[in-house]
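The chain below stands alone, shown as structure tokens; this is the form predicted alone.
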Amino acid sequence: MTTKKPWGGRFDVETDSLVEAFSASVGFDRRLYKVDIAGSIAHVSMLAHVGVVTDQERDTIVAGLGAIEAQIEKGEFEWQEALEDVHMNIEARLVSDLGEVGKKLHTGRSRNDQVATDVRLYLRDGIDQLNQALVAFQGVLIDLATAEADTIMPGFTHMQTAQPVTLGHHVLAWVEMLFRDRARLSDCRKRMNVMPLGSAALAGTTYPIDRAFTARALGFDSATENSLDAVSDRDFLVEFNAAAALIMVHLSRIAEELVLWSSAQFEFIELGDGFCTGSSIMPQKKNPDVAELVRGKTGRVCGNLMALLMLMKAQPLAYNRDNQEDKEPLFDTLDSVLASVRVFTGMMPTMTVKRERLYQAARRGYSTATDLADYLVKKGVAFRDAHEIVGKAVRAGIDSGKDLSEMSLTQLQQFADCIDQDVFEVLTLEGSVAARNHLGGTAPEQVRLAIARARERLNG
């Protein structure tokens, strides 16, 4: 196969070998081969549709592209750095295989609109894969919430015991994060699903192309309105990476809780052996490495977002070679997020919940103090006064080593004489969570209703 560059006619001197190595992208953009070939097939089909090439030439080129795709997938294709990128490698092989007819493929297009189209096609497929992975992860979490709808645990603010909640309610909070993540991906997909092909280098083409034909063939909703914008727009990559960074932030928050909960200090859960590792020196160790790695990869994905923002911040219209640098952050982000979601989906069913440990932890830290304050308000005490009364009761409990529920009625009445025997109904953990029986509340009844709604949304 020739290594002659298709743009070489303007130049008297060969490209310096340092420049070839520095500017080549085929080492990483070769993964675009499938969408590049799909885009070329749609393009040449359109050229035949409008009469720029014959049907026979179209069929020859389509067959040639199919043969190249088969060679790539078998690992038999020779990628050449001197040909810079995936597009020129494939085109050069096509010309080598077909001769003059292969040269007609690039009629009416540029690498500028070609790569802009390829990246959109690639990312569209990536978003669909990621959405499917998130759906699977949500399904696993909803199953966990179902199993733990009645499991009482301490809820935290400032990492201090706040109020009792159910583990099912807590897990559904993770599910809600992921619903928002999927909505952002859906919005991003809608905005990016417009086709740049036909914009050529920056100004369009003189050939009588039918962009609507090509857009339909490639599954785009429409073609782009402005050729200058079409070849230089990378908003969709920035937007996707922003959505991906938020997904990873959410996964990292989940990971942090799993790391804490699996520690000896918490001992709320135990992760399956297949998703943990040991220590080379400390034989007792069982480390939550999967969660820690997800937490670490979050930094990479957030960094990729910043890289893309900085890449675009000072580019004049239209296309600039800077945009070669958009692919590695995209590929790394897609790989990192997909791997993180999939490994969490596999890990969560291996988790053992230590329910009694969770229950006993909820009993510590005066988690029903707010319930006592609410009780006093219902007895006619102003909330601020009730807040102060309960604060004094908690102080006394700390001094005596007793939880509020462990105090006698006589002891509690020292702080407010309106307290009666029915106070103990609200000071129990079960009474506390059951009392939050409203939309969005932690009562087991509401958790089960929320689970039903979540399953409906997931399957809808």
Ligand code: ARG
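Residue positions are given as counts along the sequence shown, with the first one as 1. Quick caveat, the model's predicted, so the values are computed rather than measured.
Just so it is clear, the following notes concern the form predicted in complex with arginine, a form of the same protein that is not shown.
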### Query
If you check in the model of the complex, is D85 within 4.5 Å of arginine, heavy atoms only?
yes
### Message
How about Y319 - does it come within 4.5 Å of arginine in the model of the complex, if we only consider non-hydrogen atoms?
### Response
yes
#### Entry: Proximity of N323 to arginine in the model of the complex, heavy atoms at 4.5 Å
yes
### Query
Are any of the heavy atoms in N112 no more than 4.5 Å from a heavy atom of arginine in the model of the complex?
yes
### Query
Just one of K327, K104, H170, R184 has a heavy atom within 4.5 angstroms of arginine in the model of the complex, so which one?
K327
### Query
Can you say which of 44-52, 25-33, 423-431, 406-414 gets within 4.5 Å of arginine in the model of the complex, counting heavy atoms only?
25-33
